[in-house]
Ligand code: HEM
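Single chain ahead, written as structure tokens, the form predicted on its own.
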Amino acid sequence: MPGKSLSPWTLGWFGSAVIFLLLALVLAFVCDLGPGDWARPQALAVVHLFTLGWLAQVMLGALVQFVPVLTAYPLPRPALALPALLATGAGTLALSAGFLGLDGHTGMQVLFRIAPLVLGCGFALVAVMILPSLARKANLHLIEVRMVLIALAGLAGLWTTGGAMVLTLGGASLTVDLAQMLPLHMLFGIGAFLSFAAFGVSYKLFAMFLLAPETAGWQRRWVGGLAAVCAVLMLAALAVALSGAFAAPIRLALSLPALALCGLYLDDIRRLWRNRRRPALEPNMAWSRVALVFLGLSAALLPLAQWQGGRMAEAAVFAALVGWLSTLTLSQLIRITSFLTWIQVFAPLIGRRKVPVVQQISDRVTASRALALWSASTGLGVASLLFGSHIAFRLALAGLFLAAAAIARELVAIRKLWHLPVADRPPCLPPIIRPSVHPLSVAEP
């Protein structure tokens, strides 16, 4: 049956992630955040709404949906998707509220202490769902699968470092050096979890949307090997930091393999582009090239960020989170939502009536304009952090919010089929953020 393999909560993950994105951008603007402000409790709340609420939620939802595609093996426990979604969402809200408790809101401090436990439960449920499919012997030779496995190890490192810092800030007897733990926390989150997972998933998505051969070249094998090297160095730095020793030399040593990894990944993607059989690029792939440019920029800034910190670190993190990961995610989210909607609504009708193609469900012009505004605002944000311009950063935040709001509206339009003539829409549509359990029952004309 068409749509049978769809995870019923994929659009729930995506919808909650977009809500967190809008909330983070509004809060950043209201709190008047700018260059040099990122140690404030309000800033920490915004950062975690953005990273855990937006990027981690959408990545976990993507893994739940695409791991069966990567492995050609179904998830053994798909029913855990909803509890995992609720736990990660609640944990993110609790953690963000808990950071506000550090600014004198004592009633929120209890949320700060329980947030890591709730988040850990959510992460563990996702791991229980996808690990059995990834760890099958028949799949371990695939670089994409190994990248996702390394990303899950990075997620564990992210949770460990974050939990250790929460214990320290919460006044527990077990404390760590925040100056050492914070850079590791960001490396585990941005690099090992989000970026490595994005590498693994993008290999499959890019080949599919470009109609390019999926054959892995020598670059991909080196990307997998260097990712393992980076993960080992991060774990070594974590062990050294937890022991109380100085871990900065290991972090600096990480810059070289990380640069090489990013360069080889970009070269491998260039090979896919060169061998594609789709001549005209759709907006999701056209704007993914901008995301790849921001990946290169953030990788180039990484050594300076590790060495100097300050503005270089702020710009590198912003380029990675907002430029590389968010631009890639937003561009692909429009196409994936269109595809999932088409599978859910129209695939059961093939052979019964004329059905639209996937491209007709979305508005190419609206999507491109919103992604152009997002990309330009991101570039302005990176420059404002490098040069310390508060006004320019607030302009960048305003542009990012307008772009995100336009993309959110486009996603709703896709789910409601607003871009199709009324006569071509089925009389009964599925929920916006939850696919119907019975596609045929909602797709009959």
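Sequential numbering from 1, following the sequence displayed. Just so it is clear, the model here is predicted, and its values are computed rather than measured.
The form predicted in complex with the named molecule exists for this protein as well; it is not shown, and the discussion that follows is about that form.
Interface membership of R251, defined by any non-hydrogen atom within 4.5 Å of the named molecule in the predicted bound form, is ruled out. Contact annotation: R415 falls outside 4.5 Å of the named molecule in the predicted bound form, judged by heavy atom distances. Proximity of A90 to the named molecule in the predicted bound form falls outside the 4.5 Å heavy atom cutoff.
The named molecule is not shown here, but in the predicted bound form it comes within 4.5 Å of a heavy atom of W38. Residues placing heavy atoms within 4.5 Å of the named molecule in the predicted bound form fall in a single listed stretch, namely 184-192, out of 292-300, 134-142, 184-192, 328-336. Among V365, V357, L174, L178, the residue placing a heavy atom within 4.5 Å of the named molecule in the predicted bound form is L178.
F99 is the sole member of W374, F199, F99, F346 with a non-hydrogen atom lying within 4.5 angstroms of the named molecule in the predicted bound form. Here the marked residues G12, G61 and A81 all miss the named molecule in the predicted bound form; none has a heavy atom within 4.5 angstroms.
Applying a 4.5 Å heavy atom cutoff to the named molecule in the predicted bound form picks out L158, W159, G162, G163, M165, V166, L169 from 152-170, in order along the sequence.
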